[in-house]
Every structure is written in C-alpha cells, then in structure tokens.
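Just the one chain here, laid out as structure tokens, in the form predicted on its own.
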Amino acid sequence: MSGRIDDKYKDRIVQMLKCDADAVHFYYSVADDVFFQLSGNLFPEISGDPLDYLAESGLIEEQSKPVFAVFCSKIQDGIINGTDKNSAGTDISIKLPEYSDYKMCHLYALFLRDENGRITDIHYNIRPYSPIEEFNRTVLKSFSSDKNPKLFAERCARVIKDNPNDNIAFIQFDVERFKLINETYGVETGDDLLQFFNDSLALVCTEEQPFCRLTADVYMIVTTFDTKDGLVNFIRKIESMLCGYHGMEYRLVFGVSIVDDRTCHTRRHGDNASLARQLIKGNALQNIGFYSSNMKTELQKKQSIEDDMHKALLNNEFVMFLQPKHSIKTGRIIGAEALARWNHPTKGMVSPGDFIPVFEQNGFIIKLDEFIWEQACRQIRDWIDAGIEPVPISVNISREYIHTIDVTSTLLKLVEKYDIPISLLELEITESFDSNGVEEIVKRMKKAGFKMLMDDFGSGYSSLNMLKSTPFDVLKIDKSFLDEFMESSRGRKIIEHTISMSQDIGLDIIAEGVETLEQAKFLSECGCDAAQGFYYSKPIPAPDFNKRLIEINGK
C-alpha cells in the first residue's frame, strides 16, 4: 500500500492518524477494490466498504440519511467521472456504542487522483465531535450563511477577479411556496430541510464555487462555466441532489444572472438573479429563469399589481364573471363557473393572466377566492328571490393555500348566511392535487354536501390510476386535452374511452374549452352532454348572464 501513496499524501495520512486517535480510518484502493481499516474502535472490524456498512447498519439517524446519500453519490460520481476536488466531507449523526444517544460525527474522504482527475485511492475518516467542537461548528455555520453576507460578497468578488477570461454566473434558488412546507410538515422539518440544503451544497460545490444561504429559504451559488448547456446541467445536478428530502414534494426555482459587466458590484448580479427567480415562479413548464434587461419592466408590472390589490378589494374593483355551462343536446344552461375579473379605475380590465399568478405567489389569492365565493352565493340568493330558477355555480379553490384556512367551514358559513341549497354551490379544484392532506379535505367537503369538480383533467397530471380512487364527483376535461386528441382518430378514441370509463365508475363529465360545433357534436356522440367554452359563451358579467339565463331557460 505504501508504494502507491504519494509522499505528500502519506505524510498527511500519518499525521491524521496521530491526531485522530478516537476516530476510525479506512483506506480504499479503487483499482484493486480493496478496503483496509487502518485504526479506530468506533465500530466492529469492517472488511468491506464502510459506506455500505453505515448504509445497512441502521446506525445513521433518520435526519442524516439524505445528506449521507448525497455524500455517497458524490464519491461514486468522482470514481466514475473524475473530480477536481481533493476531498469531500459532511456531518452525520451516528449511533455509537459508547454513547447513549446519536453522536454528531464528521465523515471525511481524502482523494488521491491521477492526472485525469480520476480517483485512484480514498482515505475515509469518521470522527465524533467533542462538545466544544459541536459548539464551534454551530457558531461557524451561523456566521458562514445568512449572518455574514459581507464575507460571501468578498468571495464572489474574488471569483470574478481570479477568472477574468471565464464565464461567471450567479445562481439563486429557493423552494416554491416554502411556507406550505412549514404549514404541512412543521417548522422543525422546514429547518431540517434547509440544513440538508447547506450540507449537500457543501458536497456538490467546489472551493471555487462559493455558496450561501442568503435569507429564509433563498440560496445563492457563484460559479464559472464553459457553455450555457453546461451551466444548466450543473443546475440540474444541484436540483437532483436537493429534491426528494425524506419523500417530501417540493419544487426548486432558479434565477440566473450571467456576469457581463465585471465592474458592477456583486450585489447587482445577485439582485438580477433574484429578479429572474421571482419572475419564473408560477411557470409550470420551466423552473430556471435567466436574467434579461426587460425583466425590470415585468417586475414593475408585478409590483404595480401588488401595490393596488388591497385597495382594489376595498373599492370593489374585482367583479364576478360567469361562464355558462350548457347541455349539448338541449342547449339549456345547466350551470356556471364563477371567475374573477379586475376592473381597474385607470388601467381598465386587467388580464387574469397578469394578476392571478401574482396573487397565487403572494397569498392574496385567498382573499380573492373568498370574495368570489361570497359573490356566487349572493347571486344564487338573488335568483331565488327574483323567482328565477337557479342553476349551480361552481367556484374555484386555489389548492396552493387549501391548508391555510378551514375552507369547508368558510363555505358552509356562506351557504348558511345566504340560506341557499348547498347543491347549488359546487367546488372546483385542479387535478394536480398531492397526497399531503388535500384529498382528505376534498372528502371532507364532499361529506359536508358539496359537489366536487376536478378541474383541468388531462392537463398533465391525470392518470387512469388517479380515477381509481378519486373522491371527486365530476371531471372537467381540459381544453388542451380536447384540442390535442381531437386531431387524430386514435386521439378521438382516447377521449371516447376516457368519457365512457369515467361514467362507468360513476363520474360525471364536463368538457371545457369547447370552441366549435364539431367538438360539441363529437362530445355528444361520446356521451358527454355538459360543455362550456367560447362556442357557447365567453365569461360574461353577472347581469349579462342573468339576461341570457332567462332568454334560454325561461323564468
């Protein structure tokens, strides 16, 4: 073994063995695939891979398992693809024989590499922290993250200065709707997730790639790169390492600012990355945004919306529009969907595509939803008082904030306040609901007496497996599903069988986005009689809907 170790590494390893008498040391020869336990009595004599032993031993604390997996993945990647790092290290809690509880230990790997960066040998070291070391570790972590932004800024400036001929990017990311993580899993779990991010970034990023937790769940990394594709691959690598912590479902959103003016302060580059990150939020197709100069205009537009939204609610600038739902066979109106519109005093009608995503991001959508719910109940009451035969109105419930308020109780109070039949207020929730309590809330609403509609079925998340156990009463076929599958005979068969199968298991069907007579006739032939879309009517103000209701259905 000594013949294979370079003198500079040999001296370092010998010194480490002397200093770490309480630790356990392993040596791994990659070429020969042989492990040697050099010293230490933390564990029984291990003849094989110490990482495999730890993974299978059950000694690692549950919270430490994700970052341990990242560490193992980093080692394996280095062996297969090479690395420019000389070492990798992380902290994990291990159940050691001489301690009554889990003990924080430092897991360290020193790499011996060939001229191509391939790892030829690894020296592993597992060492428990002393009480004073654990204290110092806590202090160091606090001052090396969001507590010392000046230190991070200096490191970023050094990267720019030391790499005058390289491309440099500031990458900023956060967890989309991190507040929901705290509300769903608890604040402590949220803190554990952020610690996992810290520990994993320490493994993934090199010494020339400084990273920092800026604030809350916002992190930033500065790196050099060769090509934009290579930069995106690096971001995807970060994403793959950080997602899936203990099976939790969350989405990372990245903003990237490529340095084009090296005279600008690092804060400017960070602000640009932040701007790109903010504007990519809510985009269902992409989660990486690159800064461009026109983004400032978009941000100003967003800020203008947020500046006006509270005043708009107080001044009744938001209005309820209704889109009729028709029977294809009879042409009668059989229901309506309530939709929010914003009639701004100076800007006129603000597009829902502009303000709805902003409200979903900042949480104001809750107040808008509640406003529309009440308007719908008031409209039903007005029909009853006027002697007009009412039709059900469906209202949307934004799933992003379904855990924030007691939706069922709020809606039941509105039904009681306006003294309307509960069957006339229907509830729509998008079909991309997850398993974290949303399905139980849907069941609770249904048990309370509400009819539940799965909105946007077929828009990307639906599956036959979902239909097997869905608690919903009605599927609303999304416009994109209808448009795409109407284009071929095979697609039409898929629509036909989806409708047939859904009805066979007791689900009603409504088709959204019906725009042509051909679509309406085809749906009717497939057994779907309920439809809404521009072929029948676009969303219209409530007074116009009332006139249309009387004209078509009679009083």
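This is a predicted model, so every value here is computed, not measured. One-based numbering along the sequence shown.
Note that the form predicted in complex with a small molecule isn't included here; everything after this is about it.
Asks: In terms of non-hydrogen atoms within 4.5 angstroms, which of the given stretches 45-53, 513-521, 27-35, 495-503 touches the small molecule in the predicted bound form?
Replies: That would be stretch 513-521.
Asks: Should Asp199 be counted as a contact of the small molecule in the predicted bound form, where contact means heavy atoms within 4.5 Å?
Replies: So Asp199 does not count as contacting the small molecule.
Asks: Under a 4.5 Å heavy atom criterion, is Ile79 part of the interface with the small molecule in the predicted bound form?
Replies: No, Ile79 is distant from the partner.
Asks: Taking the shortest heavy atom distance, is Asp455 within 4.5 Å of the small molecule in the predicted bound form?
Replies: Asp455: yes, in contact with the small molecule in the predicted bound form.
Asks: Heavy atom to heavy atom, is Pro352 within 4.5 Å of the small molecule in the predicted bound form?
Replies: Result yes; Pro352 sits at the interface with the small molecule in the predicted bound form.
Asks: Which of Gln375, Thr189, Gln323, Asn167 has a heavy atom within 4.5 Å of the small molecule in the predicted bound form?
Replies: Result of the distance check: Gln323.
Asks: Thr184, Gln195, Ser398, Thr408: which sits within 4.5 Å of the small molecule in the predicted bound form by any heavy atom?
Replies: Contact check passes for Ser398.
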